[in-house]
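Next up: just one chain, as structure tokens, the form predicted on its own.
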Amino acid sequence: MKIYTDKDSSLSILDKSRIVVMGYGNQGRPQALNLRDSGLDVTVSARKGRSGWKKAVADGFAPVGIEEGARLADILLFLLPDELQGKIYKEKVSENLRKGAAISFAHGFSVAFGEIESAAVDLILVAPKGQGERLRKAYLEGSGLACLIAVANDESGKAEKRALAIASGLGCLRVGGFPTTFREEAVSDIFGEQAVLCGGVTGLIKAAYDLLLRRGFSPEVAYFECFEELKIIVDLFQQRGFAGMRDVISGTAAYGGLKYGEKLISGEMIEGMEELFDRIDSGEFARDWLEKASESPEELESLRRQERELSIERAGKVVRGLYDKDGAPKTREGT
């Protein structure tokens, strides 16, 4: 597979382009700051009076409204939440875009599932593989986050060059960019979130924690063993891979995990993952989420509220209180 680096890109293709970052949240703020620090002409577009607008002003930008942002943009980084993109694009953006402009996305959702379609502008994807705070931190440290890059429509004839230049300006090509498609990125990203990162792992942790409580263990001990130590192991995954992780943990842990622990992934669980994938791949999940976000937003808040009330969250609050906001241990009296 091709891996793009800064050698494959030139920021000069954006020299005379006004880049408008629409949305100033998790991805919008760090992307706007990184691109500005890379010497590009960046304007922030946000909803006036909202928190994003105020943060943009504090960061030295002179933000403009949504419609004006669309009119100004040569390159529009469309970084509003997935559930808002289709509606705002149809009502405020599509009719205001310049001929020959490009829309750059950080997630393929809206294009992959038909919320946004256009043959009149470039549709490109530059998806940093990490949260916005990490993207900004890595940039300031002289590094970056790897990213995925795709082109869905090349009206200008230079869509890929534009995408690579944006990726370079964000600092991503300091590490590497990988070619993909909007659909591949969207489906794999949502599947990974639900099956592993934000659903499968959290469900497994909660189930293991609850089992230890049922067997008489204290909440704090259960939290340490099923939750707190997870980061240690994940860091080893990232640094060494699975096999390398086994090399530096105890023989007891390595044997037990390989011999017995992985057998928890049963045939029934695999079937469930297949069903989950099919729901995403067919567009059923996207339709469900967009409908609920529009008509029943209280459902998500209800689910969040239920999670906040779990025993594991109460135990976690106690344990997290042992550390400061950066994760460093606090010194306690008597030590």
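All residue numbers refer to positions in the sequence shown, first residue = 1. Because the structure is predicted, anything quoted here is derived from the model rather than measured.
Another form, the form predicted together with a small molecule, is not on view; read the next lines as being about it.
**Student:** Can Leu290 be called a contact residue for the small molecule in the predicted complex at 4.5 Å between heavy atoms?
**Tutor:** So Leu290 does not count as contacting the small molecule.
**Student:** Flag Ser156 as yes or no: does it have a non-hydrogen atom within 4.5 angstroms of any non-hydrogen atom of the small molecule in the predicted complex?
**Tutor:** Because no heavy atom of Ser156 falls inside 4.5 Å of the small molecule in the predicted complex, the answer is no.
**Student:** I'd like to check something about Ser296: if you look in the predicted complex, is any of its heavy atoms closer than or equal to 4.5 Å to a heavy atom of the small molecule?
**Tutor:** Answer no; every heavy atom of Ser296 is more than 4.5 Å from the small molecule in the predicted complex.
**Student:** Give a yes or no for Asn26: in the predicted complex, does one of its heavy atoms lie within 4.5 Å of a heavy atom belonging to the small molecule?
**Tutor:** Judged by the heavy-atom cut-off of 4.5 Å, Asn26 is in contact with the small molecule in the predicted complex.
**Student:** Name the stretch: of 274-282, 45-53, 32-40, 302-310, exactly one has residues whose heavy atoms fall within 4.5 Å of the small molecule in the predicted complex.
**Tutor:** Among the candidates, contact is made by 45-53.
**Student:** Name the single residue among Gly130, Pro219, Gly257, Pro179 that comes within 4.5 Å of the small molecule in the predicted complex, judging by heavy atoms.
**Tutor:** The residue from Gly130, Pro219, Gly257, Pro179 that makes the contact is Gly130.
**Student:** Among the candidate residues Ala146, Ile88, Val121, Cys226, which is the single one with a non-hydrogen atom no more than 4.5 Å from the small molecule in the predicted complex?
**Tutor:** The option sitting close enough to the partner is Ile88.
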